[in-house]
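Before any questions on how it binds or moves, here is one chain, the form predicted alone, in structure tokens.
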Amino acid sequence: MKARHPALLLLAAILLPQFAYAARISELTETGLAERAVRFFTLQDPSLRFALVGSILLGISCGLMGAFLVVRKLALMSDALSHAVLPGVALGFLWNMTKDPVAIFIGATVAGLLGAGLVQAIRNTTRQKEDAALGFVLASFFAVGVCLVTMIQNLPGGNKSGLDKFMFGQAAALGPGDVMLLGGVTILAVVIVLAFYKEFLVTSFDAAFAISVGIPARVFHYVLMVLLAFAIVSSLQAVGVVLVSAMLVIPAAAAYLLTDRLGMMLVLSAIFGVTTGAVGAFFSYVGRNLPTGPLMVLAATAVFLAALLLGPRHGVLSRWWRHRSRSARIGRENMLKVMYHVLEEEGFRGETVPLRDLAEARREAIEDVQVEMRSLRSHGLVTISGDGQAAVFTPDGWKRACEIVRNHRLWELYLTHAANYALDHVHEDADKIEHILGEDTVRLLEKRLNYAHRDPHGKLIPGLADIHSGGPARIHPAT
């Protein structure tokens, strides 16, 4: 790259910083992939042991704090505080011009808490909303931090201070002191969360109710901010200012997609944090020139995408499958209802339903009806004649057909009698509700309607005896 392209040089310096390569754990460039994998699982290298333990502790503390941030809708707070601590890191270094872990920890913590306090002050004293206050603190504090770090790098001897590693992290540089700091913060977070779980639970979801029952919601908010600042500062050496917010938010967001209970969410978030930390350390160790912090974030992103797609309740694929299954079930039940109507028009004198009559009733081609009949047969709801031109209810199919018709006609009767709906406006509503009425609701409707036998149109409402009769030939006549 020639000097006449300074813009490209600058872009390369930004996108491919030298310290990103230094952030990998393994320096074993002459060994094979399999050998490095074996060395990882046998924990032969001291640097690996420190990096792995630190990554696991980071995952626990960030996972716990991130869960509270997500349920409190304060995800941007983690980003603001992680950037706000950078001036404190620089000031901690300037205290005695060395990377004293205690001085940097104190400076970064004070800067983080000052940023959180400034956000609260802006919200309370101005018309600005929280997102604007967070954006202001994030940008201004980070700008000050970058200026201070640049100034330090320009000082005599400052260019090798290693403060640039706090931008993107360097898990490979974790030492006993860093691991002890991470361990202390993690233990403190776990103890406080376990001791005051109920208070954090109530204040996270309904601060007004917490105050009404005597819980100091504001105090617990500040305690959470202090723990958050501790978690961020202790994680800087491993993942850096830029990426620590991802380790706070992404595992917790994945857990949020999998459960509706805060306790389980805390556990899942911590597990995801530990898993992604270990996975990031593994690929950084066995790979070549692969930074640990970004790999942790990529592993967390993979977990989030898996939860987003495959979550049993809120996953995209799961919801699609439930919608598809529900639509198919409603289609089968509608066909059973039409079969019932065809038999009803014939006075229930037989049990066989010609497919041609069904096609005429549904205004469909006979081939389409045959396809639907095969679906009903596969679910054990009908049997089909040898020539394929007629269908007969199985006992299960007859029972479900009667239930759907009963639900429809009971709801029509309820709307016209209890809700004063016009007779010509009830059919569409009943078509929607007939598929979701539960037996308890049906019993209440029957009781409220005095166990009526006829719907508003004068048609028979199937009763329990009809439903359990086994087929139309044994249906009870109207009384």
Partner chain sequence: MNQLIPAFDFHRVVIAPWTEGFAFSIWIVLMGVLVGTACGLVGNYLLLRRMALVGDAISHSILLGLIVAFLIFRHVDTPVMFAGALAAGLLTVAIIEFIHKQTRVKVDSAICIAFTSLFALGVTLVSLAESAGPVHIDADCVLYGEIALVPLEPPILWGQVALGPPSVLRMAVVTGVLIVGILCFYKELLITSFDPALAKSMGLKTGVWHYGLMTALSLVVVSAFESVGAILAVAMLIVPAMFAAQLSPCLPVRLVLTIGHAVISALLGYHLSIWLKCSAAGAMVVCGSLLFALAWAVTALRARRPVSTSEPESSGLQSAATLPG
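Being a predicted model, the structure only gives us computed values, none of them experimental. Heads up, when I say rigid core I mean the largest set of C-alphas that superpose within 1.5 Å between the two forms. Numbering follows the first chain given and starts at 1.
The same protein has a further form, the form predicted in complex with its partner chain, not shown here; the description that follows concerns it.
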Want to guess which of 122-130, 397-405, 106-114, 269-277 is within 4.5 Å of its partner chain in the predicted bound form, heavy atoms only?
122-130
Interface residue in the predicted bound form among E345, D387, D368, D260, criterion: non-hydrogen atom within 4.5 angstroms of its partner chain
D260
The unique member of V102, V191, M151, V219 whose heavy atoms fall within 4.5 Å of its partner chain in the predicted bound form
M151
Does the 4.5 Å heavy atom contact test between P291 and its partner chain in the predicted bound form come out positive?
yes
Please run the contact check for G135 against its partner chain in the predicted bound form: heavy atoms, 4.5 angstroms, yes or no?
yes
Indicate whether its partner chain has at least one heavy atom within 4.5 Å of a heavy atom of S140 in the predicted bound form.
yes
Decide whether T301 counts as a contact residue for its partner chain in the predicted bound form under a heavy atom distance cut-off of 4.5 Å.
yes
Scan 47-75 and note down the residues that get a heavy atom within 4.5 Å of its partner chain in the predicted bound form; none is a fine answer too.
V70, K73, L74, A75
Has the Cα of L94 moved 2 Å or more between the shown form and the other one, judged after a core fit?
yes
